[in-house]
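Encoded as structure tokens, the following chain is the form predicted alone, with no partner shown.
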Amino acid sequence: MLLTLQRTIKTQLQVAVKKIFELELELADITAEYPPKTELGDLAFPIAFEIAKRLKASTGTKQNPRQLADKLRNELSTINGVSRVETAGAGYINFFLERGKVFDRLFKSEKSLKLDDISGGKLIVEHTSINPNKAAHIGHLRNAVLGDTIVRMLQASGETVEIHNYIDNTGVQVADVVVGFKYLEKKSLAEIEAIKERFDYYCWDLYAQVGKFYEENPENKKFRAQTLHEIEHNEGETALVAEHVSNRILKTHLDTMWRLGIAYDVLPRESDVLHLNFWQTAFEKLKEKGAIYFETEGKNKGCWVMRAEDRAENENTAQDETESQYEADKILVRSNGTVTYTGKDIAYHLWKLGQLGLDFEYRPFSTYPNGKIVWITTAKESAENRKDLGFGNGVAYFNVIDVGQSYPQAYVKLGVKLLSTDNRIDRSAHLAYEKVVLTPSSAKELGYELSEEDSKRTQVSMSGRKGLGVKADDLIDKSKEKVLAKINSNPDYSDVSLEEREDISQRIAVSGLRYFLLKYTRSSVIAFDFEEALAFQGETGVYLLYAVVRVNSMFRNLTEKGKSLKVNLTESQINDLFSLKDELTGWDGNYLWAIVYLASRLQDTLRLSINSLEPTHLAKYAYDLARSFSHFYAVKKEGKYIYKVIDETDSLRYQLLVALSDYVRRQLEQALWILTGVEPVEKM
């Protein structure tokens, strides 16, 4: 509702600017701000400063923004939902809303955060995409949580979203585990299938052993090259072992992510991209479009490349084959005829957007506890395969991949744009993120022995190749264990069954973990700390969950006491209550309106988070709202809680407090669900 009102105000300002100053402004050029206090206004527009800048540029004459704001204000007509308009400060135009009318509509509105400016087609979000060679680690959790929250944000805004988890089942990492089984442990496929230990943990250790195997004798890397060749060409038992390893570990990854409420629609596999000739089709399209060139001289002689606009800046950049993202001309096909990751990625993304003219076949891979089927691609024809699922054919994509892949991802988008016929592709983006490390205290809690030097550091880094890292399930288990210990020591839970306490602990742990990974910007390196993530006070997901639990508890208490939850206030009565300042009781309508108005900005904050692809905005907003509502409970005058709903004897004030609490609860629950995927527990 408020976004619609903002748009109405912007449109009036746009018309007034054209009429008075003969200037053309786009609606996007007219920004709205929130004054620090609602007493100063509910919306502030600094448009006069933009007008003054443009007038000076065109006429050379400097004009007073305050006087320009006065002219604009006088030209504005009555807007439904706005009570008055004032000029303020050096040139702001401040709008005061009709509190009764606005709150009545907010309270009675459906629980919807849908935005008007959606894409109008399917968006594809790719995240997690863990190499299926060992257990998931804490860095993978950051990727998956970011991706899942982006999905939830987009879905809440009204977008249609398809969720991909790309499986690189033919890469070096899988090949190295196969090397470990074949050349270190000398196991057959049957022996590998018979392993009873937790398979992703087993392969975690084996992968580290293979790293040492290569370090001890670099000649051993010939086994990697041979294994890669056999996997890519689907040859013999090696290919069968790789298939078993990748599928078996993939199932553990799905189970791990499901613990955090994270699920996928489809699992595209790199082996199928290769075997279905996606690249060859994309290659011909790129050549036909003139998007790539065959180099006949220089360092890239014999390669097919996509020429970069920033060639001059980067032509002296040093790199090796594994750092090809720094090349000025991005190589898609090497001189030996092999296709680079970027080339294969372009083909895959053309399929995502329905620009390739080819499709996979699909088979069910796994079923989640809620009955949802996750599908996996296949290049093997079978009567049981599905061809009618409609995967792909998106209008734009979002890829959550670590910051180290920023350069290749830019080339993927460039290659796709050159062949795309839909300008909505411009919305596509790479969501880069930094690594996750541990604080020394958290590393010790997870069982790591630290040197005296490492113990003094602020953070401890990890290395998957060396087997040093935090397994995702260990992190979740430890978080749940710490929460459960607090619950078991709390006498308030003495009448709660062990099963219920387990469930409560799981939800609290998930809310804490997910929020912690979201509250920092994507460009921040995160030092994970248990105490900080699971704290019941402060900027945590646990605090946000507690805010929802507390207001739900209040409503249960009202019901148990026989109090009515019906609200029959008129707009006029609501307006009077929000305007009232009662010195005798301490009631302050301005204070209550400020809470409502903050709660009403969830939709606007959602839009900001989507436009910037930064969930941190939503996380910080949710914390601010939870904190403001917590303060609402605590306001006192002469030792008495002013806004204690159950003790309010005035019928009109009681109804407003019920309506306000219910509205804030709805907003908090939506924010909690988007950020953490957690349903509120009954008690904390």
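Since the structure is predicted, the reported quantities are computational estimates derived from the model, not experimental observations. Numbering starts at 1 and runs along the sequence shown. Take the two forms, find the largest set of C-alpha atoms that superpose within 1.5 Å, and that set is the rigid core.
Omitted from view is the form predicted together with the RNA, to which the following refers.
Engineer: Please name which of the stretches 398-406, 254-262, 109-117, 279-287 has residues with heavy atoms lying within 4.5 Å of the RNA in the model of the complex.
Structural biologist: In the other structure, the partner sits against 398-406.
Engineer: Answer for Asp272 alone: is it within 4.5 Å of the RNA in the model of the complex, judged on heavy atom distances?
Structural biologist: Heavy-atom contact with the RNA at 4.5 Å: absent for Asp272.
Engineer: Please determine whether Val678 contacts the RNA in the model of the complex, using a 4.5 Å cut-off between heavy atoms.
Structural biologist: Because no heavy atom of Val678 falls inside 4.5 Å of the RNA in the model of the complex, the answer is no.
Engineer: Mark Ile508 yes when one of its heavy atoms lies within 4.5 Å of a heavy atom of the RNA in the model of the complex, and no otherwise.
Structural biologist: Although the RNA is absent here, Ile508 would touch it in the model of the complex, with heavy atoms inside 4.5 Å.
Engineer: Does the RNA get within 4.5 angstroms of any non-hydrogen atom of Lys299 in the model of the complex?
Structural biologist: Output for Lys299 is yes: heavy atoms within 4.5 Å of the RNA.
Engineer: Exactly one of His233, Lys581, Lys221, Lys486 has a non-hydrogen atom within 4.5 Å of the RNA in the model of the complex; which residue is it?
Structural biologist: The residue in contact is Lys486.
Engineer: Exactly one residue in Thr559, Ser523, Thr160, Asn393 has a non-hydrogen atom within 4.5 Å of the RNA in the model of the complex; which is it?
Structural biologist: None of the other options qualify; the answer is Ser523.
Engineer: With the partner absent here, would Glu33, Met554 and Tyr643 each sit within 4.5 Å of the RNA in the model of the complex, counting heavy atoms only?
Structural biologist: Every residue of the spot touches the RNA in the model of the complex.
Engineer: In sequence order, which positions of 531-558 have a non-hydrogen atom within 4.5 Å of the RNA in the model of the complex?
Structural biologist: Read in sequence order, the residues that approach the RNA (within 4.5 Å, in the model of the complex) are Glu532, Phe536, Gln537, Gly538, Glu539, Val542, Tyr543, Tyr546, Val549, Arg550, Ser553, Met554, Asn557.
Engineer: Does Lys566 move its CA by 2 angstroms or more between the shown form and the other one when the core is aligned?
Structural biologist: No, the C-alpha position differs by under 2 Å between the shown form and the other one.
Engineer: State yes or no: after fitting on the rigid core, is the Cα displacement of Phe528 between the shown form and the other one at least 2 Å?
Structural biologist: Yes, the C-alpha moves 2 Å or more.
Engineer: Is Asn385 among the residues whose Cα moves by 2 Å or more between the shown form and the other one after superposition of the rigid core?
Structural biologist: No; that C-alpha moves by less than 2 Å between the shown form and the other one.
Engineer: Closer or farther: the CA pair Thr439/Ser505 in the model of the complex, versus this form, with a change of 3 Å or more?
Structural biologist: Distance between the C-alphas of Thr439 and Ser505: longer in the model of the complex, by 3 Å or more.
Engineer: Any idea whether Phe536 and Ile476 get closer or farther by CA distance in the model of the complex, knowing it moves 3 angstroms or more?
Structural biologist: Compared with this form, Phe536 and Ile476 lie closer in the model of the complex.
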